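Read on for two forms of one protein chain; each stands alone as structure tokens, with the labels structure 1 and structure 2.
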Structure 1
């Protein structure tokens, strides 16, 4: 009996995810069918269903991958000797990654769909909860080291992620919005708020 090749499985999984992302960007989450995704990924329907039972499972996999990248950045925050200076740069980086119009369109559509689809909502919420908890832990660690103000860690985590979401959305939708100016102002405001 032939053994599964983990490397090949990972390549196939990524091939499907890449195809699904192209398909979602072109057609939107709601309009893209599993057949469309299989065609775009260049795989059979049987192979597609071997890896993902439905579109919600594909989006949950996207969320997990995105979360891993954000958590890696949060780990850098936890290790930083100068978190007051690190946090504005972290917000800037996350906001710029999200502000691409195609990315924002896809995020917005998936979020809207999650409000109608309880299974998708649960998958996205669990992913967001993991990122939030990582941020709270990093903040508490820096507070314990005396490098951040003793503010409510949960509220601060929510505020920081809210800034990322707000900058990304305004940069996408409002032509007059100048992200660089807003980022400088946010950096100044956060410096005074976060200093121990």
Structure 2
């Protein structure tokens, strides 16, 4: 008798999610059909439904993104000797990454979907919470070391992430947006705000 093979199962799940991502990037959640996804992932319709209960499950699984990258970056911040200089650079980097139209499209799609789907919203919200907590810890540890101004850590975290999101959005939507100029301005602003 054949035994369940968890590795294979994990691989299949990933294979499907990869196919789904390509479809979602190309068409969006609601425009990508399950047939599209199956074709792109190279599996049959039946298998799709063996690994995911329905389309929503794929979307949810897909949308619950990996925040490991951002958290790693925040950990660098926590360890940085000069957070006042580090933070603007971090913002710049995050904003640039997510201002890539393709990424922006996907992110917006996920966010839009989460505003209709409570389960997804919760998942996204919790993931975001994790990142926020990491940021708060980093801020607090830097404040304890006297390297950062004594501002409300939660509000500061929200401000910093808000800046990332807002700047990414502007970079996408505004033709005349000049990243370098904007980033210098933000650098100046944050330097004066953050210095202890």
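Here the structure is a predicted model, which means the values were calculated and not measured. We call the rigid core the largest set of C-alpha positions that still match within 1.5 Å between the two forms. Positions refer to the first chain, counted from 1.
- Here the chain appears twice, and structure 1 is the form predicted alone.
- The two rigid parts rotate relative to each other between the two structures, and of 124, 66, 44, 80 only 66 lies at the hinge.
- Domain rotation between the two structures: smaller rigid part turned by 17 degrees relative to the larger, from C-alpha superpositions.
- Its Cα shifted by 5.5 Å, residue 49 is compared between the two structures on a rigid core fit.
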